[in-house]
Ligand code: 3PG
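In structure tokens, the next block holds one chain alone, the form predicted on its own.
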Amino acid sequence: MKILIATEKPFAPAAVTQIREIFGEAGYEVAVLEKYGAKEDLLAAVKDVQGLIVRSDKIDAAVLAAAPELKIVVRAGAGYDNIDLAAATERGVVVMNTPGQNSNAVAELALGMMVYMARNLFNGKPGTELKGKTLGIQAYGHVGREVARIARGFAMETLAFDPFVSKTDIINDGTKPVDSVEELYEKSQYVSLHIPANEQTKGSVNFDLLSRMPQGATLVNTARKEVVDEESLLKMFREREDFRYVSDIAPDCAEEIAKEFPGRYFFTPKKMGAQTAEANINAGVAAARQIVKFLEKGDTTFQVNG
């Protein structure tokens, strides 16, 4: 078996070492493609591999067509919208993610950005505290739970809306479930987004929702930029001087926001949620173990396609 680690944004060296060890114990050959500059490099590299580990790399129909022996692709991370699931299913390729491995890293970033905005971007002027504020968590999966846990350490009140999670489970965590997404926004000075980007969610965070937020509103997005409707975002900035937006992926209208609304936003230079040494290693190692379990035992526990 030959496994390719294809990462335009490379894993930490320690992660690659551990991944190699796992595959070495299984008797697999490992190839590494890092910081590649052209899609052609990826197309050439996948031609004879049976397994593939990626991060944010685009695995579309062309890549899959160039890999006739490919059996499994694992996205080292939670989101997998960078992989063409339909094309993979058509070719009989199993696609997996590694849920939970990056959760703490993303959650710490979300709370860190909240502190940064509450303290006026550390500009020396008086800010506010998170203590006593209400945080609404939209989607209560692995990351949402970690956000709630850390927020409670700041003595924030935590609310959550997730129709796919039992209210009992949310309550048992010390978080209060709400009955609708509208209620979540109405009751929360901070809203943290953890929804995936799909046909149902893209553009779903719109002006109707945002305008329901109380004074001192801050929207925190460590999910995907596509879930926030950008026309609504700009309208909210213009009509609500108290509104702030912080994200680890800049919207397409970032230049317009920077020009018109200085001091009311912050965007990291690139997506930073999983950019910690610990998360880097956790996700990479999990991906390697999942590939071995699938190829040796047919384990499809984390499969996300057909």
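So that there is no doubt, residue numbering starts at 1 and follows the sequence shown. All values reported here derive from a predicted model rather than from experimental measurement.
Below, we refer to the form predicted in complex with ligand 3PG, which is not included among the displayed structures.
The single contact residue among His142, Arg224, Lys71, Arg212, judged by any heavy atom lying within 4.5 Å of ligand 3PG in the predicted bound form, is Arg224. Contact annotation: of the candidates Val246, Ala274, Val49, Val63, the single residue with a non-hydrogen atom within 4.5 angstroms of ligand 3PG in the predicted bound form is Ala274. The stretch from 75 to 83, 168 to 176, 121 to 129, 144 to 152 that comes within 4.5 Å of ligand 3PG in the predicted bound form, counting heavy atoms only, is 75 to 83. Remark: Arg264 does not count among the residues lining ligand 3PG in the predicted bound form, judged by a heavy atom distance of 4.5 Å or less. At a distance threshold of 4.5 angstroms between non-hydrogen atoms, Thr158 is out of contact with ligand 3PG in the predicted bound form. Residue contact check for Lys9: one or more of its heavy atoms lie within 4.5 Å of ligand 3PG in the predicted bound form. Among residues of the shown chain, Asn102 is one whose heavy atoms approach ligand 3PG to within 4.5 Å in the predicted bound form.
Contacts between stretch 45 to 70 and ligand 3PG, counted in the predicted bound form as any heavy atom lying within 4.5 Å, involve Arg55, Ser56, listed in sequence order.
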